[in-house]
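In the form predicted on its own, a lone chain appears below as structure tokens.
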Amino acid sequence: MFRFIAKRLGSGAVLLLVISTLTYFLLFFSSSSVARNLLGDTATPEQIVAKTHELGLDRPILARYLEWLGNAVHGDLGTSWFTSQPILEALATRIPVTLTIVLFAIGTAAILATVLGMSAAVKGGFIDRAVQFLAIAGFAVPNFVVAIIVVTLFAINLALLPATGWVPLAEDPTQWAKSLVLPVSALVINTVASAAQQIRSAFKDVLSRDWVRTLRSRGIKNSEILFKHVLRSAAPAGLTVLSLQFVGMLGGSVIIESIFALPGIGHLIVDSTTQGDTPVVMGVVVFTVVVVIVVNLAVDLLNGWLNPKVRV
């Protein structure tokens, strides 16, 4: 087990190094106008040259990258060129917002997708056709369209929930919960249908196996077979799908946070990319890759616990 975890973490470290390197060098081509963005259109050529030298943008790209990498290894991701705020401090204030939305969304989607997938596989009929239709609709309709629809319906027309904004949990738990409903719903609606379709397929595959018929022939209750045996055998496929959905939600949070005016990392990456704030962009990239590595490792461990064959 420890060898498996060490191997996974090692491959994750290599992945983090490769992605951060590629990102840094790609950002190099968009950093030429940073000094002008900082100083404004009225800045003189001399001021732009001086600011470029101050930021170190006139140094060789390899030297700049190696300096950033050395600092990052020691936990220093630098400071924002535009706000002078340390990157770790900026992330610390925004990560909880994004993770709260995504975790609530993936948890809700997992429960609903499991219930719908199991029902479609066991009952068939209308539920099965509805899940397959919703899966196609979920792929066809982008999450920002869903977000606009739920805002129009529940915030503007019915005035039941706030359309935008974020209230910290410590400040007002009730308003915090209300500010979560619409963004979480927008992510869940797009996710649950496709995940339910995958879980349905996994359940139908397990239900068709010989050992399930053997359990039924022994007189074991159908509920016990479904929840104790079939669910455990089909769970790895569902976990894999949900892990991919979780990563997709992190990307989708960029649009969702912009629509609902939420102070998360999605809003941060949009602003920093537009400005050319390389240190902030690199900080968000590092955080995102680390989350992906942790999620994949957790799914592998859960799959190994649910299915001993995976441990090999």
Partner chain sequence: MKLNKRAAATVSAVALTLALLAGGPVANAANQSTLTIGSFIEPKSWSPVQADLGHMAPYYQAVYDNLITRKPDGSYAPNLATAFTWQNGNTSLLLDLKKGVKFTDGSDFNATVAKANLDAFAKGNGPYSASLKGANVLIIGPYQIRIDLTYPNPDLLYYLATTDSYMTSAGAIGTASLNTKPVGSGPYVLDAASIPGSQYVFTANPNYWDKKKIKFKKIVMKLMTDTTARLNALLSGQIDATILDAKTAATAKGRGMTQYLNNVDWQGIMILDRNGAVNKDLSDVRVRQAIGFSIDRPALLKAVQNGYGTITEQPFGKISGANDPALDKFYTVDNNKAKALLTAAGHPDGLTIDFPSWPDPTMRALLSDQLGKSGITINWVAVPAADYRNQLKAKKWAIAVYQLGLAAQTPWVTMNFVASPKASWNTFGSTDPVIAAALDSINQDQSAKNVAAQSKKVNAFLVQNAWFLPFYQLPQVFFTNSHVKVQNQPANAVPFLYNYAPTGK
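Positions refer to the first chain, counted from 1. This is a predicted model, so every value here is computed, not measured.
Quick note: we don't show the form predicted in complex with its partner chain, though the next part is all about it.
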**Request:** Identify which of 214, 71, 85, 132 has a heavy atom within 4.5 Å of its partner chain in the predicted bound form; exactly one of them does.
**Result:** 85
**Prompt:** Just one of 111, 220, 177, 145 has a heavy atom within 4.5 angstroms of its partner chain in the predicted bound form, so which one?
**Reply:** 177
**Item:** Partner-proximal stretch of 244-252, 63-71, 48-56, 281-289 relative to its partner chain in the predicted bound form, 4.5 angstroms, heavy atom
**Value:** 48-56
**Asked** Is its partner chain in the predicted bound form near all of 42, 151 and 161, within 4.5 Å of a heavy atom of each?
**Response** yes
**Request:** Answer yes if any heavy atom of residue 156 is within 4.5 Å of a heavy atom of its partner chain in the predicted bound form; otherwise answer no.
**Result:** yes
**Asked** Is residue 204 close to its partner chain in the predicted bound form, meaning a heavy atom pair under 4.5 Å apart or at it?
**Response** no
**Prompt:** Do residue 261 and its partner chain come within 4.5 Å of each other in the predicted bound form, heavy atoms counted?
**Reply:** yes
**Asked** Is residue 93 one of the residues lying within 4.5 Å of its partner chain in the predicted bound form, judged by heavy atom distances?
**Response** yes
